[in-house]
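Just the one chain here, the form predicted on its own, laid out as structure tokens.
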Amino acid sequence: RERERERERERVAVTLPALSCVALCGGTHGNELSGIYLVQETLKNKRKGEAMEAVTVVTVISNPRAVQQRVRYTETDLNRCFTYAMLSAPVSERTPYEIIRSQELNSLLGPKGSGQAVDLICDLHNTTANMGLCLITYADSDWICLHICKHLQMATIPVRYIHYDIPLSEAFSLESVGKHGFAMEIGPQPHGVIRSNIFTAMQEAVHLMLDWVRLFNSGTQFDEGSVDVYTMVKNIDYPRDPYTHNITAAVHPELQDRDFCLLYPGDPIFLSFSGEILRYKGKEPLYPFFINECAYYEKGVALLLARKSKVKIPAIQCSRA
């Protein structure tokens, strides 16, 4: 009977190709320090001969100019430069550095959408929002990323899976270049600052992710299960003066730091500088995240809202084992 159960498990498992090459990227934003130092530490350990044998890990400092200057970017946001249109745009002397760099990274890690692309990209980010650890992807049916998220849930801080429902051609961030990929976003941490607890949590998550890849490549079968997926629905800007476009309110204290806590219609969302409470006017409760993210002021985003669903994931196993 036990043998029959084992055969049944083998029949239902989805087989997927090995993840032979993983790209670990930091410094896509040059003032998000956890990923930068973690990539540098990983590179140092590789030089000492401590590399993992079962998987090739490519370490990349994505935006070296921004890292050197300790700024998010030098001319334009690198993590908005990976659409097909921008990756194929002609380059001239006036082309912003980050667009040139995105095309270099596409040559190194891609090409995007091709069979030559690296198997998995993990792009390391920090947020000033109180989001814990999140994997951000463009797919809600990528069994590799979903199983990695499930595995990471043994980490010491909460782990969530965020889905941006955008076609690959319009996917704008670095992780979209790989066959599989996600941004590993962790906070809260001020930009330009390194906090030991945030660095340690990111380091733990990266080790768990690489452990999962090694187990997968060695033939381990991962059982079916489910993952809560937060699919981004919309974003909300700060209230603004119609003439100057300056913001006229801040995030309400009852909402601040409450990422992934349900926001109901009528809940306070902003407190105006004149003392007026502004309330959420949506028709359904949604989950806010990236609340009051420092880097999103320039993008006109005070917070994003997501709908949560439970996605069932099948058992999977490496096809080459």
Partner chain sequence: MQTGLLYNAVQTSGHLGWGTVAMSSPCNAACFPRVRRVAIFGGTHGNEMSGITLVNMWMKNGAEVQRNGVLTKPFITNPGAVEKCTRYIDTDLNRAFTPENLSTPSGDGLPYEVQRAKEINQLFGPKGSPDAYDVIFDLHNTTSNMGSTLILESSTDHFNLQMVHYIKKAAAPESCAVLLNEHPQLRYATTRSVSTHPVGLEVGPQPQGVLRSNIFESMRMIVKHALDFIELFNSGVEFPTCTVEAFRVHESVDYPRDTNGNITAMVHPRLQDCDWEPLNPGDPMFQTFDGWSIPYAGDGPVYPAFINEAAYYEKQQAFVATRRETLAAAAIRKASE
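Numbering follows the first chain given and starts at 1. Computed from a predicted model, the values in this text were never measured in an experiment.
What comes next is about the form predicted in complex with the partner chain, which does not appear here.
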4.5 Å heavy atom contact, Leu263 to the partner chain in the predicted complex
no
Might Leu108 be said to contact the partner chain in the predicted complex, defining contact as any heavy atom within 4.5 Å?
no
Look up in the predicted complex whether Tyr138 has a non-hydrogen atom within 4.5 angstroms of the partner chain, and give yes or no.
no
Verify the contact flag for Gly192: yes if a non-hydrogen atom of it lies within 4.5 Å of a non-hydrogen atom of the partner chain in the predicted complex, no if not.
yes
Which residue among Ser114, Ser218, Ser226, Thr200 has a heavy atom within 4.5 angstroms of the partner chain in the predicted complex?
Thr200
Listed residue (Val39, Ala66, Leu286, Leu33) with a non-hydrogen atom within 4.5 angstroms of the partner chain in the predicted complex:
Leu33
Please name which of the stretches 208 to 216, 169 to 177, 81 to 89, 244 to 252 has residues with heavy atoms lying within 4.5 Å of the partner chain in the predicted complex.
244 to 252
Triple contact flag Met131, Leu133 and Tyr164 to the partner chain in the predicted complex, non-hydrogen atom at 4.5 angstroms
no
Would you mind checking 260 to 285 for residues with a heavy atom within 4.5 Å of the partner chain in the predicted complex?
Leu271, Phe273
